[in-house]
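Next up: a single chain in structure tokens, the form predicted on its own.
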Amino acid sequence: MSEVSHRAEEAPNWILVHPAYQQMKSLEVEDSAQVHAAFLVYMDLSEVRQWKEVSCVKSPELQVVLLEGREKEGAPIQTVFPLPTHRPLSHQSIRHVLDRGFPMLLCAVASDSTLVYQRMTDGLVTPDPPTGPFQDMGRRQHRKRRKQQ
């Protein structure tokens, strides 16, 4: 048992030696929490969600690490903005990322490593119609039922 604990003390934190984390650190972003958040999102996109061609780029204006990748082979490139939940978000920073020309996902990263993705668009987007065996009852029928009760 002591041999296992001794090896654990010698082994560095695997995140710190991961090539993707090293690449993000080399971008020289000042906010280490944002770099850590970007790495967690990188691992989720590349390992869990199986995105293709995930890479990191620096936004010098925002001083953040952004991720770019494809949801599946042949899909358009998307920009992912990893943001720790304690960091403020401004309209200007969203505008800056959207102006890059790619669809954008904002990813809120909680202190317990929970990730929440939100698709951001330039303007309003109409939602897709609902799918399923829905039956339109009509408002008039609904009103009549209320009056009868």
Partner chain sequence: MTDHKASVPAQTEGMEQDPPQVVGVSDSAPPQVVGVSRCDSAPLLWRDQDLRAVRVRGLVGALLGALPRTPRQNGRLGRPLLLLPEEERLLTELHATANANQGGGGVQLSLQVKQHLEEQERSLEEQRVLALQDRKSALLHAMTSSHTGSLGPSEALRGRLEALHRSFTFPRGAMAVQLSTARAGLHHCHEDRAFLRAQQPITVQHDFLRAQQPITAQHDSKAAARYQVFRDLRGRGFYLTSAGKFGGDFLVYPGDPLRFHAHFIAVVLSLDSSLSPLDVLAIARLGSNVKKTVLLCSPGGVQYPGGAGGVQYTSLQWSGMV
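Residue numbers count along the first chain shown, from 1. Quick caveat, the model's predicted, so the values are computed rather than measured. We call the rigid core whatever largest set of C-alpha positions still superposes within 1.5 Å between the two forms.
There is another form of this protein, the form predicted together with its partner chain, and it is not shown here; the text below is about that form.
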query = With a 4.5 Å heavy atom cut-off, would you call Gly132 a contact of its partner chain in the predicted complex?
reply = no
query = Using 4.5 Å between non-hydrogen atoms, is Pro12 touching its partner chain in the predicted complex?
reply = no
request  = Evaluate Trp51 for contact with its partner chain in the predicted complex, applying a 4.5 angstroms cut-off between non-hydrogen atoms, and reply yes or no.
outcome  = yes
message = Please determine whether Val57 contacts its partner chain in the predicted complex, using a 4.5 Å cut-off between heavy atoms.
response = no
key: Residue among Gln118, Ser26, Gln63, Ser113 with a heavy atom within 4.5 Å of its partner chain in the predicted complex   = Gln118
note = Note: exactly one of Leu105, Met43, Val35, Val97 sits with a heavy atom within 4.5 Å of its partner chain in the predicted complex, namely Leu105
query = So which residues in 78-115, when you check its partner chain in the predicted complex, have a heavy atom no farther than 4.5 Å from it?
reply = Leu83, Pro84, Thr85, Arg87, Pro88, Leu89, Ser90, His91, Gln92, Ile94, Arg95, Leu98, Leu105, Ala108
inquiry  = After superposing the rigid core, is the C-alpha displacement of Pro19 2 Å or more between this form and the one not shown?
reply    = no
